[in-house]
Each structure stands twice: as C-alpha cells, then as structure tokens.
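Two versions of one and the same chain are coming, encoded as structure tokens; call them structure 1 and structure 2.
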Structure 1
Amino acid sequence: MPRPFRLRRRPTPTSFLPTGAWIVVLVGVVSSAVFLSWPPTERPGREFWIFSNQRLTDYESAIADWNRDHPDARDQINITLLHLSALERRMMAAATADAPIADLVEGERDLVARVFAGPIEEVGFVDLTDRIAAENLLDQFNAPSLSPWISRGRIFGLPHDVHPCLLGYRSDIVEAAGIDVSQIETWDDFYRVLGPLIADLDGDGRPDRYLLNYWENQRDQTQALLLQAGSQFFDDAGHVTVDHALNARVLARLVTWVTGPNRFCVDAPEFTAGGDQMRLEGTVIASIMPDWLAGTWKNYIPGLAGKVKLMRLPAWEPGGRRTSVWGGTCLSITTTAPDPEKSWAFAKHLYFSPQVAEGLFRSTATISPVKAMWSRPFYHEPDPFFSGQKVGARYIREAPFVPERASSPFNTMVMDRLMVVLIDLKAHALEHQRFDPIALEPEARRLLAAAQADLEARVGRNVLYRPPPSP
C-alpha cells in the first residue's frame, strides 16, 4: 500500500514552546535587559538600616543634627526602613555571600545571634569591645542588657533597650472586687489572691474571666517565664543545658496554669483584634508586659486608658526575681563600613542622645539602657493611661535585675524545642488526668532528656561553630 501523502508543516516558535512559555521568556529577557542597563544609584554617605517604623520618627531629629554637623557627603547618614524579614535576608546574604550591606544595622536579638554562627573572626560586625573599654562606656550601660550582643567574650553591638517585664492588669476590675495586689509576691499568691475573679458571668457553667494571658503556644511569654525562674539554656561554654530540674519544675507548673481544675490562664494573643477585645471586655485580667508592650497598649488600645495599672511580676519563689525580659535590639557596625570610626561616632551620637531617649519613651514606653538617662524627668511623669502611675520609673526600678541572656545562634532552635516539650507535657497531663506539678515533673524530665539529645545532635552538625568539649 502506498503511504498516504501528508503535507509537512513548517516549524513555528510554538512548535518548541507553548505561547505562554514564550511570554515568560520574553518578560525575562526584557526585565533582565532593563535591570542590566539601569545600574542602581548609590547614595553618597553612610547607609543605616532599621526595622521599626516608629524609630524612623524617633531618629529623625538626631540624624538631621548629625548631617548638619557633618556636611561632607561621605558622612551623611541615609536611614532605610526594612521589614524585619527583609533585613534578615539581607544580613544573612551579606554574612554568607558577601552581598552588599549597610554601614550600620539595627538588629533584633534572634536575628543578630544568627550572625554568631561562625568563627569569631568571621562575624560580620565590628568588634566594639576595645572601643567600649577605652572610652569607659561599659559601666554606663545596664549590665544585663549587653549580654545578647556578646559572643565568646567580645561585644558586637550597642544595646538599644532593656525591656524589663512587669505585669499589666485591669485595676478597675481588681479594685472593684476589693483586692489588694500588694499581697501578691509569688505566682502562687497571684492565683490565691486573684482567684475569686475567675467567674462564670453568663451562667453557662463555664468561666468567662481568667487571670493571665498565657498559653502553651506563646513562645515569648514562655521564654520570659523560664528566664525569670533562672533557667539557662546554655552553659558558659555554649553547650545546650535544657535537661535541667529547674526547667522541668517550671514547665510542669506552666502546664497546670493552662489545663486542669486550677487553670487560670487564657489565650489572648497580643497584636490581634480578638486578643485586644478580650482585654477590653475583661476576659483576661493581667498580661506579662515589657516596656514596649506598655507603649503598644497605649497606642492601639485606647479603651483601656485609666483602667489598667502595672505591678511587679510575681516571683516563682518567695524572695525570687520580680521581673524578666522580652525582646531586644542592638546597633552594630558592619565590617564592610569604609570608615568604622565615623560610624562608631554616629552610633554614640544616637544612643547617648537624651532627645532620642525621650522620643523613644514617649512613643513606645521603651527605656534606655544608658543609666545616666534614668534620672531624666520624662521617666518620672505620671501616666494617665496607667491610672497615674510613673511608668518609666517602674520599669527603671527593675532594669538592673533583668536576667542575662545567651547570644547563642541556637537559641531559637532551643526555644522551639522547649515549646514542643511543653505541648507534649500538656498532652500527657490530659491523657493521664494528672494536674499536680510534682507528679508531672518525671515526665517533664523524660521529655527534656530527649530534647537535650536531639539538640546536641543538631548543634553538632554545625562544622563552623562548635562549643569546646565539656571538661
């Protein structure tokens, strides 16, 4: 049979790629051409990256003063606001691939710790230790506030803040019930004295009011409570030390706060409309409150004005620590800065400025770590939002007692693992209907031992940063 005749079609571009793919290729070629022919403009002066939009306003006047006094274009400060995640990506790109980075960077604690994950000589920030010592600046800072920025004995950032924690509470509800919070020294006192406020207000048989905003998924509050109790997640050499009796004791007690017959906590997340509504309605009486959160409440929950007060955190044991710490930022000079001495001069100009300290406190309630600032009048003014209390003075009183924190690059990993332990321990309590903290401690130790082994294995995989062998 003869083969049928077929007309052979000439190949077209769509014979190789569909039309949609060609559009993608075309867009890629055009955008690449535009990118390559449009080189980025470089501003003269020093780049300064921050991640807080409020600080853009707080620093405006100080930067204007600096630029006026340093007219050389190379010394002008150009401040840029970045989202924290964008700042993290740029910092890690600079640390691992020599990508461009600013001369000065403000970084949050967990982010800065990641830069410490390699050899000390490879940290991308200028070592400030000798400068601080030569200029007698060390004693001018609140000592515990330096700890997150010290790696292997060297200081790589100036502390921006202290962030001590108090307890913010609905004073209108508490005082209407005739309760005197001065009777509270410990967390056990907190439950005993305020316990009558846990109430079924609508008659459905379920409580409509709880005492504390805390839940087992609240990582930052959990870390603050562990630090308050004296927990250390690393030893001085940097080894993980989560398998500890103190950690077991605290985690067991936290489980009984969120489940069982003596539960007194509720989940009222910060920065959420639902959580704020719970605070406004009095569903939750108290919250762990670092200074910056006091400013957040003032700015974003005006309905609480005159209805709240601050008190010291209840201690874990009689005579124990009455504060903790939550959050933190530092200012660092990158090793690629062309003139680090001039950047150092600007860093001191900014962080030792009384005007900046006042602006920061008035806008966010954040107190300065520079002790010479603490006598400034603005810290000692009554605040109508907190029922006339002197908010700055109350936080300053606790500043010297905030716990020190490790700067380990593995801190985030450790806290994430401890949160798993806490959740597993709650599940164990529910499964076995066991709500006595002492009875829960053996299971807590078992879970912590497993976490310790897991963390040691994961830390050991980092070939660039290994703590020295244990003696």
Structure 2
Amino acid sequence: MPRPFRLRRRPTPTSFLPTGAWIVVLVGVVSSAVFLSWPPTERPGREFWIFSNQRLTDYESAIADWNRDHPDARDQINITLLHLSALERRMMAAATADAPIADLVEGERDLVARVFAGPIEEVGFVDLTDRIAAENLLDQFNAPSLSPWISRGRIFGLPHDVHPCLLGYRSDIVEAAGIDVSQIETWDDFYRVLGPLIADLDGDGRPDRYLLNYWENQRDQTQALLLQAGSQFFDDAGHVTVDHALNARVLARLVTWVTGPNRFCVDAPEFTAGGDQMRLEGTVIASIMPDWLAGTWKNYIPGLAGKVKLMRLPAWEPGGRRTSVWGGTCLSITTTAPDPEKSWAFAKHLYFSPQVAEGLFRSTATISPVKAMWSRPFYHEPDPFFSGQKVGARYIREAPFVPERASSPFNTMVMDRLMVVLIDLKAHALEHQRFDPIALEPEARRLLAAAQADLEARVGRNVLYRPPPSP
C-alpha cells in the first residue's frame, strides 16, 4: 500500500536551534572576526623600556639626536616608562614564557640577577662580552660597576651607574654642637664623637635624637654595611658563603646599634613622609647615602637645603673601606631584538653621552661609571643643598673603591635570609640582655650556620642553574 503523501515543511534555521542560541552563535562569530581582524598596534622601531621617570627626561635629547641621525623607521627608538614592578613582571614573563619584550631594557640589579637563574644559553640578554672586548670598552668603565652584570664570566649589560655610598649628615646640628667630623674614621669613632648628640629633648625620658638612620628591617642599608665590611655572599663557583666569621662580627655589631645601652640608630625609612619628617626635625643625624639618594633628598626634601653635608662612610676597622654600594642599573639588549648591532650602537650612544651623564647628575646626582666623564666640570661644581660641597667629586673619589657584587640569581634569597638572622640575633640579645658584640658572635655564627644550610638546600634545588666551574 503506497504511503500517503505528506507535505513536509521546509527546514528553517530555527528548526535546529532556538533564536536565542543563534544570537549567541552570531555574537561569537562576529566578535571573533572583529578580534582577529583588529590590526596590532605595533610601533615601528626599537622599543626601549626604563623604570625611572627622571631618566625619561634625561634621555630625551640623546634619543632625539639618535632618531634624527637614523631616519629609517626600523631604527627609531621608542622609549616607554614602566613602573619597576611592571618591568619586573614583563621581564619574568619574557624569561619564563617567551612573552614579548622590548629590544632594550634598563634593569635594576636584583631583577636582572633573576634572569640568570637558568642555563647561560637561556639568558634572555645578548652576551656583550666579545663586543666590549673588541672595542676596548672594559677599561673605560669603573671596574666594580660591571660585576653585577657578569654571570658565569659573561657580561650581559652595560653599567648605568656606580652608586658609591657616603654619609649624609645634619651639618647644622653637628656644627652647632662644636663637633668636628674629621675625627671620625671608624664606626666606633662615629658613636664616640657624635654620641653627645643623642638627647632627650622633650623630657619624656626617651631620646628624641639618634645618630644614624638604620634598623634591623632595612635590607638595603644592611647589605651596604655588610659589603663595606668585605662580606661576599657567594664564592667564585657561585656557592653560598654566608656562614663566615666576618658576617657574624658585622651582624653582632649591627644588633648593638639598634638595641641595648649603646643604641644609636633609629628607623627613619627613606621614601616615606614619616622618615622625611624625622630627617627634617633632626630626629636622625646621619644616613647612609648613595649618590642617587643625595639626588632624591635634593628633589624631595628641599627643607634640608644648606643643612646637610656629606662625609666618607666610617670604616669598620681603622684603615678599612670608607664607602659601599647601594643599588644599580644596567642596559641590556634582549635576544629577541632584531639587528642587535643597531641596539648595541644605541646603547653606546646613550651611555657614553656627556650630555646624558650631565643630565643624570644634575637631576639625580648619579655619577657615570664611564671614567672619562669624571673630569667633566659639572661633577666639580659646589652644591648649595650640601652646604657648598662638590658632591660629584666626592662620590667620584669613592667610585673605584666600591665593593664588587655577585650577580647570583639567589642574591635576594640570601639577603632575605640574612635579615632573618639579624632579627633573630636581636631577639636573642634582648632575651638574654646581652649587648656586647663579642658576646653575641657565637650566637650569630650559630644562626648563620643554620641559614647557610637552609640556603644551600634552596639553591641546590635549582638543577637548571649551573654555576661556573671552580677556578
């Protein structure tokens, strides 16, 4: 029996999916098409990332000169200012996940060291060693200023600065008390000569004036003081060497600076309104002062103008080192940059420019690591902020003596661990009411041994970082 003819309705899109679902599909297709066809906003030329807003101005004319002399769009320099944290994230993302990064990057010491955590061939910066040697540039730089950028014998950045440390002090208060700072050679002298300035000014039974801005939570100052004493946290083969008699001696003395009957330090953190207020009020007499901090004070604490002077850092022992180092930046060329030779030419153009060096010094008091610059007149001008002292010349005098620093990717970890030792040592001193540095040394040594074991375990976990073979 033939099947009866049945009129079939023609299928429509809504036969398969409801209208709402089709709208979802349509929105998905259209937005995907728009997204995929959106032109990427890539600027022609070379990207150059920095993290200091002051340098944006200082580099302006040198970059304009370069761009004028290199009219090819591919060689033009585009400078971008990033917050240091943002730069850090981008650099780590580039190192760990091949994320895009600029052609040239200015990196700060702790940050750059992290890029050295993998095999040497995986460092994301161009190895500049052979270029520097071929062009005889090595001797042109202040030698210790290169050390943070050398990993396993290879140089991965041009040094931007030296950052030697002096001691900035309230000369108005010191001189009003009739004290002659030229008698100070060591930290013991510092306490002996300036000690009478520690005073209870408001009669509440507590001192309102201390001699030095230092506290056991100040990581950078602690590092500068340890380096000044000659501490090295790694040996030549990259092994951790914190369990050392010298470190124990320095840490024990630092504890007595911040607690006990001979305490002379106070916590007046830099870059804080509270700390600046304490400096203005004379709650603290002196601060460890790298060149860039001298510039920061000039720019951000104008109320101290004419009231401060610089002196050499007191040594740990008679005849010892009278300076240290705090901070550091380098300029590196990333391995993903096309035509690294052009980037190299720009790097030299920037860092060997007398105009840039002068701009940096005038805006931030930072001295150049290029020794040929040091005779330039601007470094030898009296500075009214520092009571007429020749600030540049004073820092330059100390530059060759700044301590060398390791470029280990474990720098931060080691320093963090040393800070824990310092805090534990202070707790021990308070608990046992022991404030003689010599009496504290055995406990310091015990804590350092524990820290050494812990750090060795952590460093040993990294199977990808191969330190250089022992010499």
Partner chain sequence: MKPTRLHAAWAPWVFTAPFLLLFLLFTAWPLLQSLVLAFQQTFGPRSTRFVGFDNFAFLLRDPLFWQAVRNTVIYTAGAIFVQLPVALGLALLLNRPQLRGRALFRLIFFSPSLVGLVFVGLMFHLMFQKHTGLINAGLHTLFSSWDPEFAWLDAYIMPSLIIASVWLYAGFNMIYFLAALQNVNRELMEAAEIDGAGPWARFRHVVLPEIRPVAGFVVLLSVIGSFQLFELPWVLLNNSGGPGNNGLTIVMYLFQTGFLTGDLGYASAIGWVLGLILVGAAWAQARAARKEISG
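What we label the rigid core is the largest C-alpha set whose atoms superpose within 1.5 Å from one form to the other. Just so we're clear, the structure is a prediction, and the values are computed from it rather than from any experiment. Just so we're on the same page, residue numbers count up from 1 along structure 1's sequence.
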{"query": "Which of the two shown structures is the form predicted on its own", "finding": "1"}
{"query": "Displaced residue check between structure 1 and structure 2: Ile438, CA, 2 Å or over, core reference", "finding": "no"}
{"query": "Core superposition between structure 1 and structure 2, C-alpha change of Gly460 at least 2 Å", "finding": "no"}
{"query": "Val25 C-alpha relocation of at least 2 Å between structure 1 and structure 2, rigid core basis", "finding": "yes"}
{"query": "Inter-form CA displacement between structure 1 and structure 2 at Phe16 - rigid core frame, Å", "finding": "21.5"}
